[in-house]
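Below you'll find only one chain, the form predicted alone, shown as structure tokens.
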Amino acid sequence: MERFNREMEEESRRKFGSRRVVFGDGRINAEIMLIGEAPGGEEEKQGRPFVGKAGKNLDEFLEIVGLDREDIYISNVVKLRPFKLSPKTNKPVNRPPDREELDFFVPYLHREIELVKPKLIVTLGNFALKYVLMDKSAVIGVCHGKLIEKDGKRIFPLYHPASVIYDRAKGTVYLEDLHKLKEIL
């Protein structure tokens, strides 16, 4: 995995400059791999996925399903923080990954999945679902909470933990999906 990360970082620097790469984190050969969209500001600072506000929700998610962070592998589709400068504050704010970032990082994501060899992939949000399945028509609102088997992979889509922060109405559905995941595990 170290060689894979080094190669990805070198290629990323050539393409995107000195922006900080946030590598996947956790146990190699973990049975469960969680995949989100992209790192945010706190993840960029700490160099680890899911350590900001969404990370707190992820910790609650892990507790509900009975998992320890040390036993899983966590990554993102895009390994750099996609941002734009706020017109009001001129500070970086998150934005969705653009085509260039996706074209660059999606092949790395699929190689990372091959290296980890999880028995179950849990996608967190729409971006992760689309790019793990390689199906741009996939929609989290339709697929969440349902086990999908594709190309020898078992995939369980969940709403992104951050979506519960911004849309409290998803909280009940999110908890129901977590309990379904716990049953699968």
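The first residue of the sequence shown is number 1, and the count goes up from there. What you see is a predicted model; the values in this text were computed from it and never measured.
Beyond what is shown, the protein has a form predicted in complex with uracil; the following relates to that form.
> Going by heavy atoms within 4.5 Å, which of 130 to 138, 148 to 156, 24 to 32, 40 to 48 lines up against uracil in the predicted bound form?
Replying inline: Among the candidates, contact is made by 40 to 48.
> With a 4.5 Å heavy atom cut-off, would you call residue 121 a contact of uracil in the predicted bound form?
Replying inline: Close contact is absent here: in the predicted bound form, residue 121 is far from uracil, nothing within 4.5 Å, heavy atoms only.
> Even though uracil is not shown here, does residue 116 get within 4.5 Å of it in the predicted bound form, heavy atoms only?
Replying inline: So residue 116 does not count as contacting uracil.
> Even though uracil is not shown here, does residue 160 get within 4.5 Å of it in the predicted bound form, heavy atoms only?
Replying inline: Residue 160: contacts uracil in the predicted bound form.
>> Under the 4.5 Å heavy atom criterion, name the residues of 57 to 95 that approach uracil in the predicted bound form, in sequence order.
In response: Contacting residue: only 76.
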